[in-house]
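Let's start with one chain on its own, the form predicted alone, as structure tokens.
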């Protein structure tokens, strides 16, 4: 099985990376400052040549990280652009000796993590053709941290390859953008995402299509909706709560309920993972189940708990943002109904409610609500209290039946 088989909707980008991985390493080209970005439709000789630094951009859920690790597996496999099973399994488990992964479960990537990745990038490959460093969410680096990475990109070791992932080139410093070769991903179709869920996760085709449509082709969210009836129920409650706002007081109550829904969703994601991590650490430290932690080991448990708290904060913020994305799809549907475009509706299961909402106000009011959702997302990213941002946004969603 090729490492590219679990990807979907990115045939042109896969062709670029597959051709690059096929080239025999005889030193890796360095990207010059005037190198242009590669669109997913380009297939020239230069675009498929190997270089020391790549940037994969695309909207959330387009599969940036999946493609980055597939490319890493192909680079770390001996002489085949489709990867071998042994290397692919090691990359999937993040245990390949020539692979380093720079990521974060917090809000930002720490300076110490970048320095460690840069130090590892200086090592020669031990078993593979290259040493590969994958940077997930490269947009989560502050400027000082990005400058540490920049130095590594300016003077790359001969056979080290950096693969950065970010939503867009604008999320990175111009100096970094000038030293990477960019491949832009497109949004996969609903059919492509549904097919992937059926093939990879064994999901029922009807649930797969529903989840892919409701997630608007976001692969990660589609998978979560497809594999969790509770997640689908929470999403539906979110939309019905917004449609039921009739006054300022109901808007305030709705904001509180949406925060609770985001919290429940975040806990569902993190609690099981937290428990597994703690149990794994206790086993590695030789502490039996139910046994108290010796004082000398408590600092390690405390460090794990601090990391888990940071992950919980990010998970909650991501959950709130997902709710706002879902609300944007809801009011996008309302305006489609108002304009007589019902065939393009995303939330088909709420069509009757959408028709009622479309009759409760003019299209201009719907557009104002969509704008308010965008403002709320910006405010929360700027550390405005989520409750206040949601309340201000939901006031614009007040509709009184005609």
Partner chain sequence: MAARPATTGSRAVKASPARTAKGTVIPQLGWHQVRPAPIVLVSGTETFLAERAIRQLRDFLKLEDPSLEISDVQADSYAPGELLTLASPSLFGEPRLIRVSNVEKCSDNFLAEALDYLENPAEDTYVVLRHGGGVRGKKLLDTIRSGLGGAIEIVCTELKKDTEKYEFAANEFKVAGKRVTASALRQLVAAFSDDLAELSAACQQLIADATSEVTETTVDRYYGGRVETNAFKVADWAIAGRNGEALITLRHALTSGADPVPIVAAFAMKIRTMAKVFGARGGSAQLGAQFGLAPWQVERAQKDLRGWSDEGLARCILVLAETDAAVKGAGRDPVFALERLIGVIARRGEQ
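Residue numbers count along the first chain shown, from 1. All figures in this text were calculated on a predicted structure; none of them were measured in a lab.
Omitted from view is the form predicted in complex with the partner chain, to which the following refers.
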Quiz prompt | in the model of the complex, the one of 187, 252, 316, 231 near the partner chain [non-hydrogen atom within 4.5 angstroms] | solution = 252
Exercise. Using a 4.5 Å heavy atom cut-off, indicate which stretch of 241 to 249, 111 to 119, 151 to 159, 203 to 211 touches the partner chain in the model of the complex.
Key: 241 to 249
Self-check item: the partner chain contact in the model of the complex: residue 383, any heavy atom under 4.5 Å
Solution: yes
Practice problem: With heavy atoms only and a cut-off of 4.5 Å, decide whether residue 387 touches the partner chain in the model of the complex. | Solution: yes
Exercise. Using a 4.5 Å heavy atom cut-off, state whether residue 18 contacts the partner chain in the model of the complex.
Key: no
Exercise. Tell me, yes or no, whether residue 391 is in contact with the partner chain in the model of the complex, where a contact means a heavy atom of each within 4.5 Å.
Key: yes
Quiz item: Looking at the partner chain in the model of the complex, is some heavy atom of each of 379, 395 and 400 within 4.5 Å of it?
Solution: yes
